[in-house]
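Below sits a lone chain in structure tokens, taken as the form predicted on its own.
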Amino acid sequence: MKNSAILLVDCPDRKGIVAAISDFLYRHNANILHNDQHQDADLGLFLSRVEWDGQGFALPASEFRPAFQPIAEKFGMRWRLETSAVRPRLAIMVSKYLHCLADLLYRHDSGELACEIPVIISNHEDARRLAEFYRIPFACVSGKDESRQRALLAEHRVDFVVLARYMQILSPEFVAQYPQRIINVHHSFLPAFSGAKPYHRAFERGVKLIGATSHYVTEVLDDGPIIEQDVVRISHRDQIEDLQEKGRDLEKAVLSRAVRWHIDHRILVYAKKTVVFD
């Protein structure tokens, strides 16, 4: 297992930020593995992800905050420190469409997703057989019983939630409990053709592209910061069933990439959008 530390920073853009961070890490014997940054000129923001080898780093995690705080205050930083050795705990919520769930479970089982999956929650029984096959606890809970869902998430010490085609709207209270920690996949290229039956609406319009979107969930339906999107070309020969099949493939790929980037701490959210250091 990789043993690295990741520092994620956003702050007003000014000279000296990169030098200050690099010098701080150098003084504590860090071997920097990746150093990515982005400047948003319109908003005057600097965003950065720095990853370094944990072996040989002279500053224990418990002492990092007080040591780094003077630099953070000088530049007005919002920041957090993550470690790759800590595997986040992911809960999957799903309804009757199982393709995204099956894909995530396979990727997790094969070692592609470095996380724990302590529970799968569904408002239907359809997903139970997949959960049992991968030996993951399964709970069938009505979509109206959010108190039970939230109790299960707390019981399993869940860090973030993935809606793998979970066809229920979460309450603002639910969303507020996991800010920027609920990932959804939408079966269209948002914001176009949002809502019910997007493939039927796209077919009626004779589209030449269909897409899928993965985003963080907010109180406003399908309006959260977008993490990943993808498209595939459509021919006049394609029928609704063809659009749905191609769409399912897109949904799996888009969702799995978003989940992997979240696990790897590659996403920074700002101004209703994201920077993905991929």
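Predicted model, so just to flag it, every value in this text is computed and none were measured. Numbering starts at 1 and runs along the sequence shown.
The discussion below concerns the form predicted in complex with another copy of the chain, not included here.
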* With the partner left out here, if you bring back another copy of the chain in the predicted bound form, are D10, E146 and Q180 all within 4.5 Å of it by some heavy atom? -> no
* Asked: Which residue among V158, A139, L98, C115 has a heavy atom within 4.5 angstroms of another copy of the chain in the predicted bound form?
  -> L98
* Structure fact -> Interface check vs another copy of the chain in the predicted bound form: of K197, R107, H124, R78, the one with a heavy atom inside 4.5 Å is R107
* Structure fact -> Among 150-158, 78-86, 115-123, 201-209, the stretch whose residues bring a heavy atom within 4.5 Å of another copy of the chain in the predicted bound form is 201-209
* Asked: Should I227 be classed as touching another copy of the chain in the predicted bound form when contacts are defined as heavy atoms within 4.5 Å?
  -> yes
* Asked: Heavy atoms within 4.5 Å of another copy of the chain in the predicted bound form: does S4 have any?
  -> no
* **Close approach of V217 to another copy of the chain in the predicted bound form, 4.5 Å, heavy atom** => no
* Asked: Q69: heavy atom within 4.5 Å of another copy of the chain in the predicted bound form?
  -> no
* Structure fact -> Across 245-260, the residues having a non-hydrogen atom within 4.5 Å of another copy of the chain in the predicted bound form turn out to be E245, R248, D249, K252, R257, R260
